[in-house]
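Take a look at this single chain in structure tokens; it is the form predicted on its own.
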Amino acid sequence: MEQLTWSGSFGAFLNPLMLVSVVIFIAGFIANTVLTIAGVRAGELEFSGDGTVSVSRTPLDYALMTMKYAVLLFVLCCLGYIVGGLVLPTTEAKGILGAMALRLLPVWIALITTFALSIYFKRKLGLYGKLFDSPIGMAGFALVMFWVFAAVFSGIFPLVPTHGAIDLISGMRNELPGMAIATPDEGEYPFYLLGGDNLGRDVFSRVFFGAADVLAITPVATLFAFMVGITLGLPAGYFGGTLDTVLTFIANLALAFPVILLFFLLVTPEIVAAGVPQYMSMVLFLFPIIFLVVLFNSRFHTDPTRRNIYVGIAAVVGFWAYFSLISNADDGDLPLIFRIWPEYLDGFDIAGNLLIVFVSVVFVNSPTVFRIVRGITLDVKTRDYVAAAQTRGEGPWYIMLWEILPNARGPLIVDFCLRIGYTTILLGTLGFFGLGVSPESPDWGSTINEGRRLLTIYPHPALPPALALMSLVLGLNLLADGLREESLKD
């Protein structure tokens, strides 16, 4: 079998069209820049005496229209490659882009279904539904959901990857994209779509397995950080005084600590043997339990039966998960306090490197979330509806969690999206420095680090994970911008 081309059979007419769209966009961009510098303004609406409305167009309007239609042509060409991957009969005819599009078919179906249902019911979906009134928000949501579905169909249902994350074929070391496997086993995918890395592993498969690793860690770690920040930030801003001073001082100390130094310290053998990451997890992982217990207790304090049920479930499930997280009876090197939880009750264990990454991310993000929540609380607690709740005799925690927090949801949701992006970059940075989940992990940072050693000779192992990381963070930033834009309209 011969090496696949990038565009396959459709490339004969799609490639020139794509090149034309790029040239037109660049020309429109240059014209737009020159006209703007020259002081040319966009056209305005003109109202005539008979009540009709017309638009007076200027050269700047035509330059912007040129850029818009160039982007549209480029997108249509990309859709053409996807269609080619679905309809052309052979892998050679599909090309690399078409073959990847076919492997991503479950992702396209899930993405189209999500958008169709969301747009149809958008008026009933609150802030999420309003997101589909914002082109920026929709673009960001599409990028984020692409990687979410890619992670689902790679980690949980492995339909996208063509090979295993650590499967080695020695003859495919540093092979170029589209190279065929010399003697594929029966049922084995016969091509490395994005080439092989320095060990002969499939780059395409590792990128999508890496997406599953990244998206299994970053949202949960960010959520934990938010629970820590909210649980401490609300009382600090609401009560003020000594409590506010002490908590703010501790947060500033944590923010002043160098992040990379913290990670290097946490992975040193002496620190790990002393159980420092476990001691940190003992403190940080308590906050979700405290948050949920206080949340249900304050909401149902007038209904003891429901309160006891909800608080009891939150406490039992929370402490079971808590002790399962921090304990590992099989690790004899840990201090005794982390091995007293009975093994038959230990629902799951977290690998040492994963626990260090998780604790580090929560520790780094929590102080910033604390400062944001504290600042919002200082502002919101002066509102009339808070005074009304105080007049009704509501308790402080009810006011904080059910009056102040819901009215601060807009900025917090936006920051949550941005912080997932920051955490994704942070996780990539850890992997790049060899502090990631595990040495053989396909997470993007580790893959980029392995590929950069031969970057000047074989750029293909490092570029796909770098582009994947960039596109996910870009999508999260655009999604946050869209949410911010729509939340300001409330």
Partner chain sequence: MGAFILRRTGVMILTALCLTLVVFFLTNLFPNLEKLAKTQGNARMSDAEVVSWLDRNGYGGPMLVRYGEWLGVMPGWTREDAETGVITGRCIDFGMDAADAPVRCGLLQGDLGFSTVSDEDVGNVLPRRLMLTLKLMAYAFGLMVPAALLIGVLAGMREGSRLDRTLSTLSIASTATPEYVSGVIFIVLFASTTAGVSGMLTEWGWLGDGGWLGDRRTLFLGSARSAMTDITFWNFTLPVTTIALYGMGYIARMTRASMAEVMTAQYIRTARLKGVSFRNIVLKHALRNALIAPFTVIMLQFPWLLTGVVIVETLFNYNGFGWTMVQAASNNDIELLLACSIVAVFVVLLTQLISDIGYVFLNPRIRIS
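What we label the rigid core is the largest C-alpha set whose atoms superpose within 1.5 Å from one form to the other. The model shown is predicted, which means the values in this text are computed figures rather than measured ones. Positions refer to the first chain, counted from 1.
One more form of this protein should be noted, the form predicted together with its partner chain, which is absent from this view; the next part is about it.
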Exercise. Among 313 to 321, 158 to 166, 259 to 267, 400 to 408, which stretch sits within 4.5 Å of its partner chain in the predicted complex, heavy atoms only?
Worked result: 259 to 267
Exercise. Would S21 show up as a contact with its partner chain in the predicted complex if we use heavy atoms at 4.5 Å?
Worked result: no
Exercise. Is there a heavy atom of Y69 lying 4.5 Å or less from a heavy atom of its partner chain in the predicted complex?
Worked result: no
For this session: Tell me, yes or no, whether P59 is in contact with its partner chain in the predicted complex, where a contact means a heavy atom of each within 4.5 Å.
Result: no
Exercise. Would L17 count as touching its partner chain in the predicted complex under a 4.5 Å heavy atom rule?
Worked result: no
Problem set entry | The unique member of I271, L292, A93, L243 whose heavy atoms fall within 4.5 Å of its partner chain in the predicted complex | I271
Problem set entry | Contact set, 458 to 482 vs its partner chain in the predicted complex - heavy atom within 4.5 angstroms | P459, A462, L463, A466, L467, L469, M470, V473, L474, N477, L478, D481
Problem set entry | Core-superposed comparison between the shown form and the other one, V267 Cα displacement 2 Å or beyond | yes
